[in-house]
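In the block that follows, a single chain appears as structure tokens, in the form predicted alone.
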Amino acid sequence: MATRQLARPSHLHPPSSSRSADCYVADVLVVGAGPAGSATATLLARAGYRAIAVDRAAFPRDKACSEYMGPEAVRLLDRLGVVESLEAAGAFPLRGTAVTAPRGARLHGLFAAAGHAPFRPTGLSVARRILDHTLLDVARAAGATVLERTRVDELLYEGGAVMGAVVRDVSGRRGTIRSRLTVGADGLRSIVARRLGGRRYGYPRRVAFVAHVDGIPGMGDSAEMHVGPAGYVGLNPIGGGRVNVALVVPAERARAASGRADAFFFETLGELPGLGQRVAAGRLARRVLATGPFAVRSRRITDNGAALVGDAADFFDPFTGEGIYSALRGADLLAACASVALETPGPVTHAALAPYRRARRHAFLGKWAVERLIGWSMASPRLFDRAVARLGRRGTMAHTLIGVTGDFVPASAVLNPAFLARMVL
């Protein structure tokens, strides 16, 4: 493929310019500049295509997220060239995950003991404020144009294909971005996914409340998951003595948090014996942010001129901590397909994106099954406690499960009759 000119074209004008209706022209418009969007823009810009990424936020910005990454996500970050920068900014190396069930059963899985060699023996946790800003800087360095504080109002259509979007900057000025491929990387409430249609919510319908807390006693070098009768809590050290605390509850119960998220957060944590006191012993370093509901998927991942990636495509539940991995891996898969499809003039067709759809199914099918196995089993506290107790006693099985959720052990290592029988019998 011939390398395209990466210099900023003369017809590109920022939305804040004096023109009444600005028009950008690019090969790819990426809506959303989180990990999925920034990685997609970076990879396609590196391939020589003109990429524009837009986001309604100004970076750096905080984001409700578990901020947890397993070893395979670290490998993808390394390919993007950002691991050293993240570590220099204070990212925390994670050895694994400990899970405590409703009746007190416990397991502790370590990446290094999972029986498959990971990219490295630790995962990584870092505040999204740092991660997203770092990835966005890499996209700019690759030649992508980044428009912050810019929202998408509507998609543009021509001849039955998406051909870009109508955008609005912070001052209210509208403009258009015409592109041959529009990528929806705009999260759970993706406007691109909604316009493509087929957006569906399923079970279990949960909402997360996420805070940063300093000085929680008893934290080690692994993430912790504590499952209670009405939800679960994740504790994830993100460096400098700061811990990401994520409370996940059914959406019906989350309604009680309206207008009082901080109070709801600490009241609900207090229902888990010991855990509430541990968190309360620390100091709230960032206000509680909410996100959800989860268990959402788009039946239409691609269309003529458009594709979805990251949470815009699907997100089941944050328990396994695979959201950032899925965003980065999806971007990798989409960029590989799009870089070939863009060789043909005109809008990228639904048919040309078939390799992306197939690659997603192949890469994520096992992950989807494991996520649902764990998510649905939590609906039965007795069964969940029994499974955790058996995995905890059979240490190698706990390591294997955590390796699967860390995305470097194949899902087939747990999705087989022998493993499942030993887990519950």
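Start at 1 and count along the sequence shown; that's the residue number. The model shown is predicted, which means the values in this text are computed figures rather than measured ones.
The same protein also exists as the form predicted together with a small molecule; that form is not shown, yet it is the one meant from here on.
- Proximity to the small molecule in the model of the complex, defined as a heavy atom within 4.5 Å, singles out one entry of Ala33, Ala45, Leu391, Val28, which is Ala33.
- Of the residues Ala208, Leu275, Met163, Ala101, just one reaches the small molecule in the model of the complex with a heavy atom at 4.5 Å or closer; this is Ala208.
- Using a 4.5 Å cutoff between non-hydrogen atoms, Val152 counts as a contact of the small molecule in the model of the complex.
- In the model of the complex, no heavy atom of Ala398 sits within 4.5 Å of the small molecule.
- Among heavy atoms of Tyr68, some come within 4.5 Å of the small molecule in the model of the complex.
- Although the partner is absent from this view, Arg128 contacts the small molecule in the model of the complex, with a non-hydrogen atom inside 4.5 angstroms.
- Judged by heavy atoms within 4.5 Å of the small molecule in the model of the complex, the contact stretch among the candidates 114-122, 257-265, 80-88, 286-294 is 286-294.
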